[in-house]
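In structure tokens, one chain follows: the form predicted alone.
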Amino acid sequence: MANRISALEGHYNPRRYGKEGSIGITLTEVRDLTLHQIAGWVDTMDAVGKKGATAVGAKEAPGPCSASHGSKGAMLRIEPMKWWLYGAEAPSLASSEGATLDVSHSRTHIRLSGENATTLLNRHLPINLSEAAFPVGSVASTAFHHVGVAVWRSEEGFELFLPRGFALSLWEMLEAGAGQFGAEIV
């Protein structure tokens, strides 16, 4: 396997900064991403969904705009006929069933957590990320300053999957905006 170099290399500086005396946002780059996309055809969605759920150790495949956790990873429904398998390898699919694609190297995974994470993200993403509208387990494919991104609200916070080529500029926007709340990069 190729030695993966972070898209944020040289720009990721763990520290505390911004508003004194509080940490309202924690920013983390989650490295060594394992992310596989699986897609089914109209008549094979149930079968492909079951294979994906088995791959992550979950009971069932998630429905639209949601995720399911398993013992080996998570399964995110990112589009009507596509899932992402997070932390697990893709199952083998015949071409008549669907398709798989390793997208691990094409994305940078950023986690935002803390009491002000929702406020910061709502300034950049055109969707309502309040707990009532976007609870834990929710998934959305959306735009961040005209760049297509995926966001998942996990138990740990907001998981952003940014295209590698835009990761640094989007990271810099998040980093700058987080300072007003008091931020920590870990």
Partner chain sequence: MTAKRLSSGGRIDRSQSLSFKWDGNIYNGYAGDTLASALMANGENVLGRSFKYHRPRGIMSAGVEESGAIVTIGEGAKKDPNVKATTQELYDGLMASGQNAFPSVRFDFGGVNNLFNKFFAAGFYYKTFMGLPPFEWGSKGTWLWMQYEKVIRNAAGMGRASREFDPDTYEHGHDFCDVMVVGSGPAGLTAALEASDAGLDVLLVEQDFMLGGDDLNRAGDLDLIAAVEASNIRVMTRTTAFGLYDYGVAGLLERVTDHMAEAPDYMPRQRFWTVRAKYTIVASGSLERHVAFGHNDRPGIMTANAGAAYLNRHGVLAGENIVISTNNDSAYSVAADLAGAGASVSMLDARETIAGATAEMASGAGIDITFNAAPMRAHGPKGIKKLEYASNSDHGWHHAGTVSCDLALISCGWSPVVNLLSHRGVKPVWNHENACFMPVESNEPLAVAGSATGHWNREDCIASGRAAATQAMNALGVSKTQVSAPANAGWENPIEPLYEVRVDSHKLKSFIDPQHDVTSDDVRLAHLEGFVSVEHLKRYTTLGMATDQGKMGNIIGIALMAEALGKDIPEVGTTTFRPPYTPISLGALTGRGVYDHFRPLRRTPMNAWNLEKGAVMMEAGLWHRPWYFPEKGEGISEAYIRETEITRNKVGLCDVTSLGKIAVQGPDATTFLNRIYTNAFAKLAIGKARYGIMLRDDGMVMDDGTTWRLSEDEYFMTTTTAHAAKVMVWLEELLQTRWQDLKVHVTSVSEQWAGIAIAGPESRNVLSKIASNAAEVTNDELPFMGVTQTTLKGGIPVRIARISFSGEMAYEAYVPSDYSRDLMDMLWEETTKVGGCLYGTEALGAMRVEKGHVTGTELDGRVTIEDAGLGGMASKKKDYIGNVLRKRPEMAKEGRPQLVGIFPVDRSKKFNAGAILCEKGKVSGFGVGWTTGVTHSPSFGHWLGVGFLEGGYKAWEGKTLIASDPTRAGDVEVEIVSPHMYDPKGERMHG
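All figures in this text were calculated on a predicted structure; none of them were measured in a lab. Positions refer to the first chain, counted from 1.
Unshown form predicted in complex with its partner chain; subsequent notes refer to it.
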{"item": "Per-stretch contact check against its partner chain in the predicted bound form, the hit in 36-44, 65-73, 151-159, 52-60 (non-hydrogen atom, 4.5 angstroms)", "value": "36-44"}
{"item": "Residue 177 within 4.5 Å of its partner chain in the predicted bound form, heavy atoms", "value": "yes"}
{"item": "Non-hydrogen atom contact residue 14 with its partner chain in the predicted bound form at 4.5 angstroms", "value": "no"}
{"item": "Residue 135, heavy atom within 4.5 angstroms of its partner chain in the predicted bound form", "value": "no"}
{"item": "Contact flag, residue 106 vs its partner chain in the predicted bound form, heavy atom cut 4.5 Å", "value": "yes"}
{"item": "96, 147 and 173 each touching its partner chain in the predicted bound form (heavy atom, 4.5 Å)", "value": "yes"}
{"item": "Heavy atom within 4.5 Å of its partner chain in the predicted bound form - qualifying residues of 65-98", "value": "79, 81, 82, 95, 96"}
